[in-house]
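One chain follows as structure tokens, the form predicted alone.
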């Protein structure tokens, strides 16, 4: 066995695109983890190439290399009879050869100059084990979550949709990263227009790299300038499965522990998987609570600024007296006071996220108490505003989706500035601006604030409130699925009536 020296200096400038297998091997030989050598046995002589950092070396040394010394191997195709191989690829396509080598394939050339090669898959699988959800926690639902392995993520979804109509399409995006992206849908259920739009937007991407699913969402979104995320991202396989059963489309990115669900509506960002495990009155109450918390988080600080700057006559006399006493030692205008506390809260939140988990929790709790108490005692802020800001920050955490929660946090600042300039009229104008923006916003070409606009009464049954399952017989109308019925309510109710147990008198 002859090992070829792979330590060569690349002093010829930027690498040019490979025009042949020889050019490709020359480029790869500059890497210390690339192996290219000649194999000789009694019955076979060939050249072997692989990248040892992306292949399973144990499998190669235990099975493949000994098989090449076997007298049963007279030609390349005989390897499959000696070693169990998933697939033996025989190709002359240079792009396939390059992609396969970088993905962890074992390449065999019958001769050194041969353009005809055989490829055996033996990639090294390095991925963390499926663990509990970290962002979208559930009390009564499943606890598994996506990981960075694309194959594992597809397995988590396929195990929940064991039907032949479940389809997976794979593409590679990124001129340099060549990231694998999978489109998941149920054939005969997903709308063909939505599916074609998804394929086109992903295929038409001209980018150097795609790192994760959220980066992809920003690239293929309908409006890249919007405050709001247009595609729902989730780390829960059960949520993706439920969306596919509705007729939606999911997108998985290799190396990303989350999936994109499209198209999406604004109401979905405030629903949780636990809503479908609770009785409908309880689930509806929690949804309304989340929506109220969002409204309070956005406008509470701006209302404080507007009331104390322009409309103090609207404040009840008893409360006004308390406000005057609390602000008697504050030397700033309400706008400065509010912005100071808002920025302080954002700094504490960001520090808590970036620091290690245990230290971050301590910083968030201790920092909030110490800084808040000290600022009130020093006369920098009023105690009433401190209560309002604390409740506003707490309300922002109720939003289940992280990207939507960051949008809600950002929306507070335009409302505060508008309240300082125009009072309550400014708050109203800012509210109208966001409403008009949401009316124009779409997700994969579908209205983002459906079922409010356009108004669809049927879809309201699972939006701001969640009505009982026996009242939700149809899939959402805006998806325009081939099969609109989720369940045959009439036949189900008939069978339910016949299945009543006999009671002995």
Partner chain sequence: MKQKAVLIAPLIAILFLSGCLPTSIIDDVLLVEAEGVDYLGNEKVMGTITMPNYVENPNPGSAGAGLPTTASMLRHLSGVTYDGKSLVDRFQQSGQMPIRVGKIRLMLFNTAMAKKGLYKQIDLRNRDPDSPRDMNFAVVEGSCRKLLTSADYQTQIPVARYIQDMIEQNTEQNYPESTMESFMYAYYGDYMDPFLPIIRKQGDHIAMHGLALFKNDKYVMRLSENRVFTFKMLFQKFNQGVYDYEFAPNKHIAFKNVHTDVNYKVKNGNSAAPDIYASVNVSAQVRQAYPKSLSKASSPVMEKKLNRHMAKQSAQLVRRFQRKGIDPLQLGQHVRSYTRNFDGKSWPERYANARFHCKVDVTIKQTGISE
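Note that the structure is a prediction, hence the values are computed from the model and not measured. Numbering follows the first chain given and starts at 1.
Missing here is the form predicted together with its partner chain; even so, the following discussion is about that form.
The partner is absent here; in the predicted bound form, the one residue of 377, 279, 203, 196 having a heavy atom within 4.5 Å of its partner chain is 377.
Screening 315, 365, 102, 75 for any heavy atom within 4.5 Å of its partner chain in the predicted bound form leaves a single hit, 315.
Not displayed here, its partner chain is approached by residue 327 to within 4.5 Å at the level of heavy atoms in the predicted bound form. Contact check for residue 162: every heavy atom lies farther than 4.5 Å from its partner chain in the predicted bound form.
Not displayed here, its partner chain is kept clear of residue 406 by more than 4.5 Å at the level of heavy atoms in the predicted bound form. Among residues of the shown chain, residue 333 is one whose heavy atoms approach its partner chain to within 4.5 Å in the predicted bound form. No residue of the trio 272, 391 and 397 has any heavy atom within 4.5 Å of its partner chain in the predicted bound form. Contact with its partner chain in the predicted bound form, judged as any non-hydrogen atom within 4.5 angstroms, is confined among 118-126, 419-427, 339-347, 151-159 to 419-427. Looking at 67-82, no residue comes within 4.5 Å of its partner chain in the predicted bound form, counting any heavy atom.
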